[in-house]
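Presented as structure tokens, the chain that follows is alone, the form predicted on its own.
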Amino acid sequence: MPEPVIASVGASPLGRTDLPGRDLFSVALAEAFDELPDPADLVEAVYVGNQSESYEHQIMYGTLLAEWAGLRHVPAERVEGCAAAGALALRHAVKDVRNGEHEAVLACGVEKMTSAGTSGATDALSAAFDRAIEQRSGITAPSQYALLAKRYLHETDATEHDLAEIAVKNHANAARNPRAQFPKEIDVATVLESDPIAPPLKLFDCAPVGDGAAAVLVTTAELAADLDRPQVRVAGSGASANNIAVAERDMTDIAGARIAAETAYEEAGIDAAAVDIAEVHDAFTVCEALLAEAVGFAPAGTGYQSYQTPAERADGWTDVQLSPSGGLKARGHPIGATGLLQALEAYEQLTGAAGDRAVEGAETALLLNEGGVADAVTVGHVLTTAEAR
């Protein structure tokens, strides 16, 4: 069975841009294929993660971006799973290579969120909620996650100060990331004194709206070697869908994330303790705390300690470093591209290309990308430079 690897990555600038989605993709593609053959000579299939057609009134993103890459008559599909769309595109690419269907597959993601303004983005994101139970009440993404945060603070020893520390940590990481939307350090007071969005969540607890694209080339190990590219093995992949409505779930037990991660661990032949770095779906600060527990890094009720050093954390924590890119919170969250930006960060970390933000000795990464609220759909991938067992 062929071994899927990531052989190259690229991304556009993140944040508010004047570029339409197709041009954001072109920038990401150009970086990914720098010093490689033309995409038309290499790529055999395309998967595009894209959250909503409402931003640019555009569907058929698979066909559009295949055309924009100079590809004709290849399978090309848009993949949708709200904010998990990018990771789903990567998962499809990995499965194609592993199954021997294709040797080289392009997984990409794009979102032009700023074209719709704040109200348009709010409406587009709310489409991920249950129409009958949630949307008609006028509830928004921040208010949904505020419910989770309120419950988490009630059930654990975590405080709003702890959530603020998570934001501070991720901004510090982003300050060393030239790709970040907000490469700027902040302090706890800045978070705690920022405008309330949906209490207890404040402005600096929330990931930003932004534009962006990312491209990831998945190939066989043999082809990556022929191309003379640094390669990172996709050792495991898992996915899980929970109920769409928050009212139907345990708000502090993110079961779908646990199942997606455990599936990826089992496929990779590792456990949570083997993971050196993790890019998790910190759309809001409380998410990093909840996900640290769900994927096995932290004992229940202690995930909020993710901002602390391994020596400071409670017994039972692993030594993992979370969100070295700055996470969704500070690197940015252009919805359809987010899961692939996580893969880009892991690729750069594991191939020695992360510069000042490099985590020393990192060999294995977990990517955890969610869509909808919390674990409505979750995708996990284990990436590693270690040899297959």
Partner chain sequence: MTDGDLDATDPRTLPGFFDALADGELLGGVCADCGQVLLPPRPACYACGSRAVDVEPQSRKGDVFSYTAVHTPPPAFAADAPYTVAVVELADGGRLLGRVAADYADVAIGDPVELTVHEPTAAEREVALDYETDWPVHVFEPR
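Positions refer to the first chain, counted from 1. Quantities reported herein were computed from a predicted structural model and do not represent experimental measurements.
Unshown form predicted together with the partner chain; subsequent notes refer to it.
In short, of 223 to 231, 84 to 92, 186 to 194, 147 to 155 it is 147 to 155 that has heavy atoms within 4.5 Å of the partner chain in the model of the complex. Screening N99, Q308, Q135, T159 for any heavy atom within 4.5 Å of the partner chain in the model of the complex leaves a single hit, Q135. Among the residues D123, D319, E266, D253, the one placing a heavy atom within 4.5 Å of the partner chain in the model of the complex is D123. The partner chain is not drawn, but in the model of the complex it has a heavy atom within 4.5 Å of A198. Put simply, I139 is close to the partner chain in the model of the complex: some heavy atom of it is within 4.5 Å. Interface residue remark: D271 is not counted as part of the site for the partner chain in the model of the complex, having no heavy atom within 4.5 Å.
Looking at R258, you'd find every heavy atom of it more than 4.5 angstroms from the partner chain in the model of the complex.
Shown without its partner, the chain has no residue in segment 357 to 377 with a non-hydrogen atom within 4.5 angstroms of the partner chain in the model of the complex.
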